[in-house]
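Below sits a lone chain in structure tokens, taken as the form predicted alone.
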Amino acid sequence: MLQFLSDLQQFRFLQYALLTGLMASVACGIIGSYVTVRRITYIAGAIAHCTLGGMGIAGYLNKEQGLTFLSPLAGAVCAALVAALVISYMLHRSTMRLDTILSAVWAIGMAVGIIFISKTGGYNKDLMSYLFGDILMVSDQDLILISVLDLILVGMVFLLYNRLVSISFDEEFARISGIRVDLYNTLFLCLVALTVVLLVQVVGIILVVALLALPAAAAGQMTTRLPAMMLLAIFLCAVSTTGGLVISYGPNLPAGATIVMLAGFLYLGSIFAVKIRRQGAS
């Protein structure tokens, strides 16, 4: 830990990594609470895996076509939003089963990404690292994009709080009350998509769902009030990202996997803490 604190004062990449983890924690805690309450983590998983398609296309256009302004993270944003809109449209307009829709989005997004990665010259180490996350590789451009996404997420949730709560707990009542449920469900899925992009940078595509769900699930063990759940989830996610970064730094462990492991331990700890508290109360 002392080595981490010492290097943190010297190296910008560590400062960027810490800042990225904290900003992602805000979005993760807020949107993760909604996702956990609505029990739609599998939708977040489909969106997350679809981002590889956007990253692959952006990487190909960047290296092969000279469009240097396109970063893999920008491609991930576009792919995540497209996936969210497709899923929303199919849910509201199609008679297909939800699991079939998500499987198609999941598989096609990954396939597109693999094809474009294979057609991109050179060794795509940076691009492939998004599968498992590489929070230490955050660039100036990525940090700016992450900051903008975080501000959009917090602002949208603040403005739409009452409507999002309504559709999360009782869609039928929300519809009777005059709320355009389909529209706000689509907006919510877009917010989930942006959160997924933030977390992909932290823990990678494969572990996104774990970090999105575990802090919120742990918070849900300790409180039943949504605002308190969000605040507690933000705190637990920040502990996971910061603690995982510190723990992984010295022994050179994968930061993303370490962050998720710590989040998992916090979740298990919350279960045992609640169980002990209930036994004591009885």
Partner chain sequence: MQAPVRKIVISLNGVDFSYNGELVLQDVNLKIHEREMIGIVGPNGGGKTTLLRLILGLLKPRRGQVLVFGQPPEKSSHRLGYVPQHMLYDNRFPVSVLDVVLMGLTGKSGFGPFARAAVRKAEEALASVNLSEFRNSAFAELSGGQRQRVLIARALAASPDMLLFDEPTANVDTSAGEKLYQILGQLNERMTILVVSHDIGFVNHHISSVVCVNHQVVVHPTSSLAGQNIIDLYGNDISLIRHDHRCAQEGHQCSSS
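Numbering follows the first chain given and starts at 1. As the structure is a computational prediction, the values presented were derived from the model and not from experiment.
One more form of this protein, predicted in complex with its partner chain, exists but is not displayed; see below.
| query | Honest question, do V37, D170 and L226 all end up within 4.5 Å of its partner chain in the predicted bound form by heavy atom distance? | reply | Contact check passed for all of V37, D170 and L226.
| said: Is I179 near its partner chain? Define near as a heavy atom within 4.5 Å, in the predicted bound form. | reply: I179 belongs to the contact set for its partner chain.
| query | Given that the partner is absent here, does I144 sit within 4.5 Å of its partner chain in the predicted bound form, heavy atoms only? | reply | Flag for I144 set to no.
| task | Please run the contact check for Y89 against its partner chain in the predicted bound form: heavy atoms, 4.5 angstroms, yes or no? | result | No, Y89 is distant from the partner.
| request: Give a yes/no on whether S166 approaches its partner chain to within 4.5 Å in the predicted bound form, heavy atoms considered. | output: Because a heavy atom of S166 falls inside 4.5 Å of its partner chain in the predicted bound form, the answer is yes.
| request: Would you kindly say which of T100, S118, N162, S94 lies with a heavy atom within 4.5 Å of its partner chain in the predicted bound form? | output: Flagged contact: N162.
| message | Please identify, from 204 to 212, 189 to 197, 151 to 159, 78 to 86, the stretch that has a heavy atom within 4.5 Å of its partner chain in the predicted bound form. | response | Contact criterion met by 151 to 159 only.
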